[in-house]
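Quick heads-up: it's one chain on its own, the form predicted on its own, in structure tokens.
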């Protein structure tokens, strides 16, 4: 298989897996007849069967159903936090790179200050103060990962601003707002899109970790992190109970990272030698 076909293959495969998970989360009520919250004491920790494809949990709830519904908060946090991070980061980075001076110093030092703390530790502190919940997760994770977008937008803006066509636009009297909207943002969009895909994967991992620690999604709402946290107590009675959500998280994160990596090759002309 040629390099070109391999790139298309991985792009289509990873994109299809992401789309499959998204559609399953949206149409969860259609894909399974079970209630993710309904307890059945007579079917506790059952192995996989025709009725329960992935078995049942410690409360007799269908694991397959819980996994499908558990994708909803994870995807909501991933999409919401990524959009928020991208919005905040791009504004900070573009303003710092375009205007320079004291604006650059204030904004980029603020970004550097946030980067001094590991995301998981800072998220634990903030969520511990604000309380768990999907909305709080979106806000906290979005602010944390805005630093990545800010640094990327800042570096890209400096590069684009030094281009000759921008210098010519300034010379003919184009105002700053038009320069930013028509010359800066369109030309820094490609790396930002790729970064958005990578941030979404990191966000899913962080949300799952916080939920695993009891600082994310509030029970009994299903979440992949919560399911792993509950399943660890029953690893000997039902080993596959902890494997399914772990495998699902690994697959979706791998798919998003692969999709972002191959998408970068399509969007960056310097990396499209195989086209």
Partner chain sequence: MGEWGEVGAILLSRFLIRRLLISLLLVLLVETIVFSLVHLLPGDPVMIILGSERTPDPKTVEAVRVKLGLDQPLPTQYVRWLGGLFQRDLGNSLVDGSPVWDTLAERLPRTLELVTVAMILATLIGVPLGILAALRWNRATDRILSLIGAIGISSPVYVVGTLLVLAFGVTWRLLPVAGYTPITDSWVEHIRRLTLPAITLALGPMAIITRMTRSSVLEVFHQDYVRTARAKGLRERIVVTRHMLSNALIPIVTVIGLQMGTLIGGSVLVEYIFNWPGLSTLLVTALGRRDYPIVQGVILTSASLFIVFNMIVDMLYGVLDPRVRYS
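Because the structure is predicted, anything quoted here is derived from the model rather than measured. Residue numbers count along the first chain shown, from 1.
The same protein also has a form predicted together with the partner chain, omitted here; what follows describes it.
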Thinking of 73, 152 and 185 as the candidate spot, does the partner chain come within 4.5 Å of a heavy atom on all of them in the predicted bound form?
no
Listed range touching the partner chain, judged in the predicted bound form by heavy atoms within 4.5 Å, from 112-120, 189-197, 171-179, 78-86:
112-120
Using heavy atoms only and a 4.5 Å cut-off, determine which of 34, 64, 59, 212 is in contact with the partner chain in the predicted bound form.
212
Since exactly one of 26, 39, 250, 30 fits, which has a heavy atom within 4.5 Å of the partner chain in the predicted bound form?
250
Partner contact for residue 239 in the predicted bound form: the partner chain, 4.5 angstroms, heavy atom
yes
Would residue 228 sit within 4.5 Å of the partner chain in the predicted bound form, counting heavy atoms only?
yes
Is there a heavy atom of residue 19 lying 4.5 Å or less from a heavy atom of the partner chain in the predicted bound form?
no
Is the gap between residue 166 and the partner chain in the predicted bound form 4.5 Å or less for some heavy atom pair?
no
Scan 182-206 and note down the residues that get a heavy atom within 4.5 Å of the partner chain in the predicted bound form; none is a fine answer too.
205
